[in-house]
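Shown next as structure tokens: one chain only, the form predicted on its own.
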């Protein structure tokens, strides 16, 4: 008796789902990291099917190959995008930021950030308690015991953005990985004035504007006493890093700079040289030093003795 009614209700209120959603979901990596901006791979698959253009949709874990497979399933064209990588906007190692106190509490950056400014004089720097490492699902982050800072493994990083969301001090940024992995950025987030920064950290950006004046592409701006390099405008000319007085600008995966060696003036040779030019050639002839004739000790004959013989 109830079966016909249940069947009628199920048919009346059933929700149609495009079968292409399952096909797109199968070609996705299945990380469910949320780096695409949607709740899991299933949500991203639904967005791809409903969207008429894939230009604004990108899976950071699968990359361009994954998006090509999605486009093939849907019969559309995927737009290739330069891969991103997470960078840490702090360079304050333990040896460069003197401790002013000792934190004795829960080992969480979020809790420590809400309680006080930190163990050093910089209230904007990394707390070093590893919340970013714990949320990374790809093992792309680990803590450096020597510096006390997290290190990003660019080969494993998928730019999912989990570390960006987790850091309470907003010290992570997703930047283009760059050709051959080369990139330049300012590793500092301190918003204090220059004099206060010097007290808290030896490698903080002091907002001196030297890098801004050196850049010929308007890629560097100063805001809140801190420099920022726009990755879209930066041409990787590397002229800004040498003028930074605190070494706050990082150059990643670049070859070492060539050291200019001043040539010493050549020593004068004992024998001078002259050049004799002829048609089509130049001949160098060495001049031999003049040698004075040896003096003789034999006395000259006396003319008087020859005229008066004895």
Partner chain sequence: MNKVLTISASPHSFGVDSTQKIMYGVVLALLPALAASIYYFGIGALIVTAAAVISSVGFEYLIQKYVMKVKPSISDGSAMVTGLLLAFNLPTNIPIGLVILGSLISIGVGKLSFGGIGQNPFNPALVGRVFLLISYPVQMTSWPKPIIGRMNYLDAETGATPLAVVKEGLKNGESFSSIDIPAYLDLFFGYLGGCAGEISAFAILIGGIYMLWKKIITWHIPLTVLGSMVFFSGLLYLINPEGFADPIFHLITGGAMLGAFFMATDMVSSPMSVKGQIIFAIGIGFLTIVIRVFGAYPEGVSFAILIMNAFVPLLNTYFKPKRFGEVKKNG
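Numbering follows the first chain given and starts at 1. Note that this is a predicted model, so its numbers are computed, not measured.
As for the form predicted in complex with its partner chain, it is not shown, yet the points below apply to it.
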Give a yes or no on whether every one of 240, 247 and 255 sits within 4.5 angstroms of its partner chain in the predicted complex by heavy atom. no
In the predicted complex, is there a heavy atom of its partner chain that lies within 4.5 Å of any heavy atom of residue 75, even though the partner is absent here? no
Tell me, yes or no, whether residue 104 is in contact with its partner chain in the predicted complex, where a contact means a heavy atom of each within 4.5 Å. yes
Since only the chain is shown here, I'm wondering whether residue 116 would be in contact with its partner chain in the predicted complex (any heavy atom pair within 4.5 Å). yes
Classify residue 147 as contacting or not contacting its partner chain in the predicted complex by the rule of any non-hydrogen atom within 4.5 angstroms, answering yes or no. no
Tell me, please, which stretch of 95 to 103, 154 to 162, 205 to 213, 82 to 90 lies within 4.5 angstroms of its partner chain in the predicted complex when heavy atoms are compared? 95 to 103
